[in-house]
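Okay, so here's just one chain, in structure tokens, the form predicted on its own.
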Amino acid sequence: MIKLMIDGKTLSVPDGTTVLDAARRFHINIPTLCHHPKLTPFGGCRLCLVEIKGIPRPVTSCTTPAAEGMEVTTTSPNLESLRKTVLELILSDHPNDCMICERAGDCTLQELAYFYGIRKNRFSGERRTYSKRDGNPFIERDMEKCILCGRCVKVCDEVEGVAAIDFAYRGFKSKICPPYEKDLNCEFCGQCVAVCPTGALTGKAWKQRGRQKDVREVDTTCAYCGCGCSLTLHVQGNEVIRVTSREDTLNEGWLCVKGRFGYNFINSPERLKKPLIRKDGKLEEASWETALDYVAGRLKDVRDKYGPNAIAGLSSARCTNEENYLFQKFIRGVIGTNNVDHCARY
């Protein structure tokens, strides 16, 4: 452990902790755009500048390791002026369409502009413009809203290990894109969407489907496989319009393409909502009690007449580990056969 002083408070933190992490550990706010706690420091947005005694110029707190006896100032007229200037420069190359942006009300850039009271921009002028829209089926890429924070690049490389996107070109022409500027073609896990602080990356499935104030959140468990990832369903009326995951869950907020984008079946008109029993060659709706009694009776009749090995059980990859355990226990312990298997696909 090392001791340092931040804004007059003496703090003890583990050796190797950055100044930004030390400050946040004790609820001292330092604004950031490019920083994400699960990704390596980048120092690109320059909003986390702090003053350190003995260093003649401000430094980025996300890339500066805390040191024994260090004295840090996180806010001063000079620092606030620098941060406001950085925000103005970022906003000078950003479209002013918050009224129709999918991330309005949930955008870090918008929050910081509000906090610093930026109404006019001294640096307004030429902006980067992109006319091309990506033809991939899941992710909407609006590059005019990209602030080059690098979060999407890092999460794709460091968490997914795919590296499907990266920085390209230099200076004013810099952009983040797939190889050769082709349409995005990857695993479509949507981790880049989850970490994007602006509206540059959003889901095509939830475009213009509802604002934050109209949506209630329901926590549940993903049913696509036995991993048991936690989902947060964003529900408008009685319809799921978007899926996210909280960072404080077992999957740390990360999801696969099925968990994040494969939710349209929930409101599909073809979805079965009641059990069906075949009578005289036709399937008819029945209550759960009737269906379960029917299945139990047929299983008992078959076992009594032909023996337990005449029955086999096939479980599903969409069940949780606990459900699959109960299923095989039922087949082995109640039915009395080891004829049990599991489908290998979703």
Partner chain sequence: MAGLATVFGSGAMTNSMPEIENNDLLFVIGSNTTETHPIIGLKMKKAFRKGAKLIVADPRKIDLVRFADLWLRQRPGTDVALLNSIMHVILREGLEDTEFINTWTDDFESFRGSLAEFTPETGERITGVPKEKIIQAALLYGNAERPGIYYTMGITQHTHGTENVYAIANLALMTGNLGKESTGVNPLRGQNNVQGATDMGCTPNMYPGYQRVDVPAVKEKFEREWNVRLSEKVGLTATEMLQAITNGSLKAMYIMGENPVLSDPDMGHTIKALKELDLLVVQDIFMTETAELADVVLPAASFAEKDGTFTNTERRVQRVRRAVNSPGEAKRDSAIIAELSRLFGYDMTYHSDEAVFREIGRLWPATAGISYRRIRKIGVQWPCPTPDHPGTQYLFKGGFPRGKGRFTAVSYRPSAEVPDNEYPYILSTGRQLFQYHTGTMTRKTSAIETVAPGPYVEMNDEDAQGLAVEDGQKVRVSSRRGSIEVSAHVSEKTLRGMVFIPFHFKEAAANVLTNPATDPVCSIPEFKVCAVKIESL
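No experiment lies behind these values; they were computed from the predicted model shown. Definition used throughout: the rigid core is the maximal C-alpha set that superposes within 1.5 Å between two forms. Residue numbers count along the first chain shown, from 1.
Omitted from view is the form predicted together with its partner chain, to which the following refers.
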Triplet Thr221, Cys256 and Phe330 all within 4.5 Å of its partner chain in the predicted bound form via a heavy atom | yes
Scan Ile118, Val215, Cys98, Leu233 and let me know which has any heavy atom within 4.5 Å of its partner chain in the predicted bound form.
-> Leu233
Answer key, its partner chain contact in the predicted bound form at 4.5 Å (heavy atoms) among Ala200, Ala194, Cys107, Val240: the residue is Val240
Answer for Glu68 alone: is it within 4.5 Å of its partner chain in the predicted bound form, judged on heavy atom distances?
-> no
Contact flag, Thr75 vs its partner chain in the predicted bound form, heavy atom cut 4.5 Å | no
Its partner chain contact in the predicted bound form: Lys182, any heavy atom under 4.5 Å = no
Is Tyr114 one of the residues lying within 4.5 Å of its partner chain in the predicted bound form, judged by heavy atom distances?
-> no
If we check its partner chain in the predicted bound form, which of the residues in 295-313 reach within 4.5 angstroms of it by a non-hydrogen atom?
-> Val295, Ala296, Arg298, Leu299, Lys300, Val302, Arg303, Tyr306, Asn309, Ala310, Ile311, Ala312, Gly313
So with the core overlaid, does the Cα of Lys329 end up 2 Å or more away between this form and the one not shown?
-> yes
Large Cα shift (2 Å or above) at Lys274 between this form and the one not shown, core-fitted = yes
